[in-house]
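Starting off, we have a lone chain in the form predicted alone, written out as structure tokens.
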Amino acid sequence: MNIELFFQYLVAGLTYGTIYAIVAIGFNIIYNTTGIINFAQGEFVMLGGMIAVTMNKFMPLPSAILAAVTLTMILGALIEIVFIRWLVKPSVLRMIIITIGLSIVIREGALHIWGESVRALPYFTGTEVSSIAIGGVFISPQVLWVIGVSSIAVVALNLFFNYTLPGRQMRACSANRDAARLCGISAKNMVTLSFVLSAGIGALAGCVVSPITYVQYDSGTGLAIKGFTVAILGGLGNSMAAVAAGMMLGILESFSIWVMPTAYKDVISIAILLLILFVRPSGLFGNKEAFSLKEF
């Protein structure tokens, strides 16, 4: 393998790793506040892309993306209020069944609305054939958008959780829900906010990656599996570790094409997920309690 091809694979791996990390962070936002593993997270990514493509027919691209993120956030809030809020200390199995069921309902609804056709937003800058050459490595301008927007989202979430009142209240609910209630924090509202944020960041990711990966009604399923793998690999609840784990998975998948057919690329993530679950369920950077459901 020559050096140019090596760096081309590396850039592709970092791009897809960034996407996986953003999906994993969506898992972690909800898990940190509620202990729920939301297997419908991939559908938020799909909805963001699908809604933005539809809205772009009637409004400029920035407005279409804003509308898609807003509508998906509203849907996230409705899901929590209608299906989650009334539960009392749900078991892990019950929550898995509910969120998987929601994922199926959302996916079938998307099939009914948009059909089976594959869609994509236009490139934010440049075109599909335009690229930036850096030392013999060709990078699509949309790749820079993916990495840039994802990096800003990660930093913004970190600032939100550490320096804003709602963010600190969400962290308090995560640490000790009963103590947070005694301090006057509405735990139910914090749970709703976690679903809103998770849906919003998922939808934003779906909009940014749509020009590269395209989007259709069932595209969220694969992303949910990759995002869950990254969340487990980094340690559930650890969003900064999810970024590192996402890069690891993306790079491994990218370089796997060098030694095996492209059709086997998805096997890498499943194999890593099974290996981590067998060997170290808490993840590379997590603690032993990370994989247990918190008190809801």
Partner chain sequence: MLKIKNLESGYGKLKVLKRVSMHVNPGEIVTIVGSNGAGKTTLLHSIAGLLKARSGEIIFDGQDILRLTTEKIVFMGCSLVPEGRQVFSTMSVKENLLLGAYVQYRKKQKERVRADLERIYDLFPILRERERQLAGTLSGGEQQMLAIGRALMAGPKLIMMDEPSMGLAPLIVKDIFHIILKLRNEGNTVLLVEQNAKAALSIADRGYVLETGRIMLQGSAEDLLSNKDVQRAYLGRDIDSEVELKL
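Bear in mind the structure is a predicted one, so any value in this text is a computation, not a measurement. Numbering follows the first chain given and starts at 1.
Here the subject shifts to the form predicted in complex with the partner chain, a form of this protein not shown in this document.
- Heavy atoms within 4.5 Å of the partner chain in the predicted bound form belong, among the stretches 117 to 125, 203 to 211, 163 to 171, 69 to 77, to residues of 163 to 171.
- Among the residues V155, L144, I132, A175, the one placing a heavy atom within 4.5 Å of the partner chain in the predicted bound form is A175.
- Although the partner is absent from this view, L193 stays clear of the partner chain in the predicted bound form, with no non-hydrogen atom inside 4.5 angstroms.
- At a distance threshold of 4.5 angstroms between non-hydrogen atoms, A110 is out of contact with the partner chain in the predicted bound form.
- Put simply, A179 is close to the partner chain in the predicted bound form: some heavy atom of it is within 4.5 Å.
- Heavy atoms of S186 reach within 4.5 Å of the partner chain in the predicted bound form, making it an interface residue.
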